[in-house]
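One chain is shown next in C-alpha cells, namely the form predicted on its own.
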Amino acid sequence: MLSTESSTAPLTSEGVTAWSAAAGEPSFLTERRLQALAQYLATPMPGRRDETWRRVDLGGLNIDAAAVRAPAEGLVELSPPSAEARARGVFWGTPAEAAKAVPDVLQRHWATEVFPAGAALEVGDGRKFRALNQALWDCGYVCHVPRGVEVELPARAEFRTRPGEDGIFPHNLVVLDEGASATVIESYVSHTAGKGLCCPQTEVLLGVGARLRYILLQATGPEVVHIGAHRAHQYADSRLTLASAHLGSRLEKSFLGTRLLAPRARANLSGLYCGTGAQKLHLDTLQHHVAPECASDLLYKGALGGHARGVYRGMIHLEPGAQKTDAYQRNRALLLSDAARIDSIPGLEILANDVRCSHGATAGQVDPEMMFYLMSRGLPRLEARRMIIDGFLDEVLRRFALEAVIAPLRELVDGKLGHETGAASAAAA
C-alpha cells in the first residue's frame, strides 16, 4: 500500500514564483511551474484503488523533506559538447543555459507535449509525482540537434542524489529535428548516503526521420526512493532505441514508453533490472501506437535474489487508426532465491483490426540441468551459477550497444548479484 509521512508538500505559488524569479527564468517556465503546482496540490496521493500503484509501499518517504528547495550545485555533471557539434548548431546544456541560447526550443517543447504541465494526469506518467517534478524541477539538461545533423559522440548526464531526506527533481528535454541523430546517456547515482526522493522526468521528441539512442542507468543508493517518468513522441520514419538498467534504490517506480504518432516510426525498448536484499523494483512500460505502419519491440529481463520483489506492468495500446502495426512485448525474470518474487502484468488494448501484436512473460529459477551440465564439465558450483545468470542477462546487455557502457554495467551487475549467487550456492552445497 502506498504511504507517506506527509501527503502534501509545503509548496505555495508565492514560493514557486520566487524560486523562478531568483533563477531568472522566462515567464513561460514560471507559468508552467504554477500550472503543475496547482495540479499537484489538487491531486490525491495514489493508493490501493489505483491499479498502477496498489503494489507500491513508499515506506515512510517524507514528502515534506524531499520537497524542500535547495541548490543543485554539485549534483549534476554534463559532458561538454564538442566544438564540432556546437559549430553545427547542436545545443547541450542546462535548462538555464537553454533559456538564453535556445529559448524557442524551451517555449515550444518544455512540459507542453510529452508531459504537458497542468494537463490531466494519465496512467503511466507518474501522476502526482509527475506534477511534483514539473513544479519543483531543480536541475536537468536540454539536448537539441538541428535538422540533418548527426552527432557521433554520446551526450552524457549524471545526476547524484542528495544526502539525508532531501529530494532531487531533474527535468530533461531531448529534441531531435528532422533527419537528426544522437546518443544520450542519462544516469542516476548516489555519491553520498541518502534516503530521500529522486524524481526525474525526461521528455523526448523525435522529428521526421530522426534517430535517437537513449541509454538510462539507475544505480542510486540502497535507501533512495526513485520515481521517474521517461517518454518519447515519435514522428514519421523516426527511430528510437531505448536501453535502461535498473539496479539501485530501495524502491523504484519508473514509467518508460513511447508514442508513435506518424507512419513508419520504429521503437526498440529493452532493459534489465536486478534486485537483491529487500529491494522493490516496479517498471511500467507503454507502447502507444497512434499511426499506421509502425513497429515496436520490447524486451526486459530481470534477476531477483534475497527477498527482492519485481513488478513489471506492460501495455501495448493501439488506437483505431494504427492499422498494420507490428508490436511485441516480452518480460523474463530469473529468481535467485525462494523468497524472491516477480509480478508480471502484460497487457494489450487493441482498437485496430489489421495488426500483429503479442506479448509473453516467463519466470523461473536457475535450471538444475544446466547446473549439472556445467558442473559435470569441471566448473565449481558458484562459477556455474554465475555463468548461467550472465548468459541470461547478456541478450539485454548487448542491446546497450556501446562498449563504454556495457563493460562497467556488466561489472555493476556482477558485483550486485555476486553475493546472492554465493549465498545461494552455499545453501545448495
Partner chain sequence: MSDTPLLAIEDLHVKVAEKEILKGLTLSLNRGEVHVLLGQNGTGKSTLAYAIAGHPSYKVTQGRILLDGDDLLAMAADERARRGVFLAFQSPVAVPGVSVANFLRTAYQARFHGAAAKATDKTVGQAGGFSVIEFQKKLMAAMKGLKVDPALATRYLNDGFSGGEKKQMEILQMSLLRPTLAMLDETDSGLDLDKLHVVGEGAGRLAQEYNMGVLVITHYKRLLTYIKPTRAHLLLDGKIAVSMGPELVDELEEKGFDYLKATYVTKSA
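Bear in mind that the values here come from a model prediction, so they are computed numbers and not experimental data. Positions refer to the first chain, counted from 1.
The discussion below concerns the form predicted together with its partner chain, not included here.
You can rule out all but one of 55-63, 42-50, 29-37, 362-370: in the model of the complex, only 362-370 has residues with a heavy atom within 4.5 Å of its partner chain. Although the partner is absent from the chain shown here, none of D297, I350 and D354 has a heavy atom within 4.5 Å of its partner chain in the model of the complex. In the model of the complex, at least one heavy atom of L379 sits within 4.5 Å of a heavy atom of its partner chain.
Among heavy atoms of A401, none comes within 4.5 Å of its partner chain in the model of the complex.
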